[in-house]
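One chain comes next, on its own, written as structure tokens: the form predicted alone.
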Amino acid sequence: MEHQLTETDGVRVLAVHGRIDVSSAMTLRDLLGAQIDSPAARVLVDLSDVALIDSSGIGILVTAHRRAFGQGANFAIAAPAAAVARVFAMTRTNKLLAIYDSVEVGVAAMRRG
């Protein structure tokens, strides 16, 4: 798994590339933990270039969501590839996580609050 961190309109966008599985989940956990650092944090995870996510990856995203919620921060997912979106639907995490169709839509929604 590789990643790129940028900031757009006060929203930290973490673009993840490759696979999110047991071998990369702890790296993702640490990356997200460093970004969800205050109640004012707005973190959007771009999954458009992720072809596979397993249960450990789902667990990390759910944990990040709960941590952000507990701190009053804002956390969301953007542009999951079709296979990843199916995993969210099968695990029903699409009902828990804020998931936007694109990074642009996610940034706009998070900027509004």
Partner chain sequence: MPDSMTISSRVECIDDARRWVAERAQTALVHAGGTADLELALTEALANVIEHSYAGQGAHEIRVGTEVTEDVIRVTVRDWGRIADARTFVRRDLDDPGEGGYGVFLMEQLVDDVRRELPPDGGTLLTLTKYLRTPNERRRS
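Small disclaimer: the values here were computed from a predicted structure and weren't measured. Positions refer to the first chain, counted from 1.
The discussion below concerns the form predicted in complex with the partner chain, not included here.
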Quick check on G33: any heavy atom within 4.5 Å of the partner chain in the predicted bound form?
no
Please run the contact check for T91 against the partner chain in the predicted bound form: heavy atoms, 4.5 angstroms, yes or no?
yes
In the predicted bound form, does L44 come within 4.5 Å of the partner chain, counting heavy atoms only?
no
Contact with the partner chain in the predicted bound form for A78, defined as at least one heavy atom pair within 4.5 Å: yes or no?
no
Would you confirm whether the three residues A68, A109 and R112 all fall within 4.5 Å of the partner chain in the predicted bound form, going by non-hydrogen atoms?
no
Checked V50, A73, L28, V87 for heavy atoms within 4.5 Å of the partner chain in the predicted bound form; positive is V87
Partner contacts for 31-69, taking the partner chain in the predicted bound form and a 4.5 Å heavy atom cut-off
L52, I53, D54, S55, I58, G59, I60, V62, T63, R66
